[in-house]
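Only one chain is given next, in structure tokens, and it is the form predicted on its own.
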Amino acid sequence: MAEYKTIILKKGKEGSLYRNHPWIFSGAIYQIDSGVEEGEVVRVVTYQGDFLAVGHWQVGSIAVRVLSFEDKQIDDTFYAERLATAWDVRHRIGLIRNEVSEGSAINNTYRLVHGEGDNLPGLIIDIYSGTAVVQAHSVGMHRDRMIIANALQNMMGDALQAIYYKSESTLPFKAELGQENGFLWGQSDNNIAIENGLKFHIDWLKGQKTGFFVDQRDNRSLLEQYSHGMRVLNMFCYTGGFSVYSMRGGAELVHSVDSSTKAIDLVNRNMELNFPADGRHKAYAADAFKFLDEMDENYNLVVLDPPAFAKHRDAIKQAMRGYTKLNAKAMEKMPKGSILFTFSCSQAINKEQFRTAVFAAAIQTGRKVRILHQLHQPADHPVNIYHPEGEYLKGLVLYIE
């Protein structure tokens, strides 16, 4: 039995834990031992005193993030075992490729830990060549960051040169942790990583998320297959991942659009890494809706990958209107026979709601639309079957008649 302070649930509130859901909400709690500190590991029991789980305690709606449904210590061995399992999964699905082999290019860019999907709720670890970027979304993972860093070093050995901690914007500000981003171990000035043989500058210092949107890797590869001879528009391009893949796919022209001038600079740098002095690509710093209103290029392959329109349930209605408006603006300008890749990364919007918003756009524009593919996050962003909330990325590939 683990020696931790105890949280007792209210009568009848243990059902979700018996179904292995990894969150315990504050409204389900009956009593908490005195002196429990935020981020501390706690032991959760039923009203009758039966063991349920151990997890990290945190102030807020999600009060406990479950680490184990077994009564065990959360220590160095625990993290080493969980990281080893995550590492093994990435090897088994063929993601970790540090050398060119028959039929596959180098890939040293991948997500090693995806929170609840890897049974480590509140923890994200992305690997960019020899640098691991660690991001904590809970106070508990922040408190355990050095244990995690040590376990990473032991597991990856010489393949790891540095561990960068990027949690300044993801930890709850009310916890007043005073966290600053920085290296937990080692140093690295090499911010170039390889995804499926393509090179990208990774801005883990100031970039969004951990510096790159690893979750669109498979969808970028699919876009590459559609790109030959096409006139491609990549909206909300950020680092230009879709644009670079389109160039390799043989696009006639590729235009990248983002409201951030820093993002446009990064797109151009990534193009120079892969396709130096190639006149097929142009990048524009512009508002997406305004650009779509004014565009006169005859784009026949368009990517819409906006930031999350809804970060909580209260914003769902407004987000639905936003997705409909955005897709309608694209559809009304696209010539017959075009292809539209459209996405939502809003966790609060499910795939049925997103599809409804895109359906409304088709109705508004009077276009005939066929669904060619229904897209989702890749295998290194696994969804815990007991935690459907982890299925956040959804997309559609549409044929516009």
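So that there is no doubt, residue numbering starts at 1 and follows the sequence shown. Values in this document were obtained by computation on a predicted structure and should not be read as measured data.
One more form of this protein, predicted in complex with S-adenosyl-L-homocysteine (SAH), exists but is not displayed; see below.
*Just give me the single entry in Ser169, Asn154, Ser260, Gln318 that has a non-hydrogen atom within 4.5 angstroms of S-adenosyl-L-homocysteine (SAH) in the model of the complex.*
In short, Ser260.
*Which of these residues, Gly322, Gly249, Gly130, Pro306, gets a heavy atom within 4.5 Å of S-adenosyl-L-homocysteine (SAH) in the model of the complex?*
By the 4.5 Å criterion, the partner-contacting residue is Pro306.
_Check Trp204 for me: does it contact S-adenosyl-L-homocysteine (SAH) in the model of the complex (non-hydrogen atoms, 4.5 angstroms)?_
Close contact is absent here: in the model of the complex, Trp204 is far from S-adenosyl-L-homocysteine (SAH), nothing within 4.5 Å, heavy atoms only.
*asked:* My question is simply whether Gln208 lines the interface with S-adenosyl-L-homocysteine (SAH) in the model of the complex - judged by any non-hydrogen atom within 4.5 Å.
replied: Contact check for Gln208: yes, within 4.5 Å of S-adenosyl-L-homocysteine (SAH) in the model of the complex.
*Taking 4.5 angstroms as the cut-off for heavy atoms, does Ile148 touch S-adenosyl-L-homocysteine (SAH) in the model of the complex?*
Answer no; every heavy atom of Ile148 is more than 4.5 Å from S-adenosyl-L-homocysteine (SAH) in the model of the complex.
*For Ala288, is any heavy atom within 4.5 Å of S-adenosyl-L-homocysteine (SAH) in the model of the complex, or not?*
Result yes; Ala288 sits at the interface with S-adenosyl-L-homocysteine (SAH) in the model of the complex.
*Determine which one of 106-114, 274-282, 230-238, 89-97 lies within 4.5 Å of S-adenosyl-L-homocysteine (SAH) in the model of the complex, judging by heavy atom distances; exactly one does.*
Single hit among the candidates: 230-238.
*Looking in the model of the complex, is S-adenosyl-L-homocysteine (SAH) within 4.5 Å of a heavy atom from each of Phe213, Arg220 and Phe242?*
Looking in the model of the complex, the three residues Phe213, Arg220 and Phe242 all sit within 4.5 Å of S-adenosyl-L-homocysteine (SAH) (heavy atoms).
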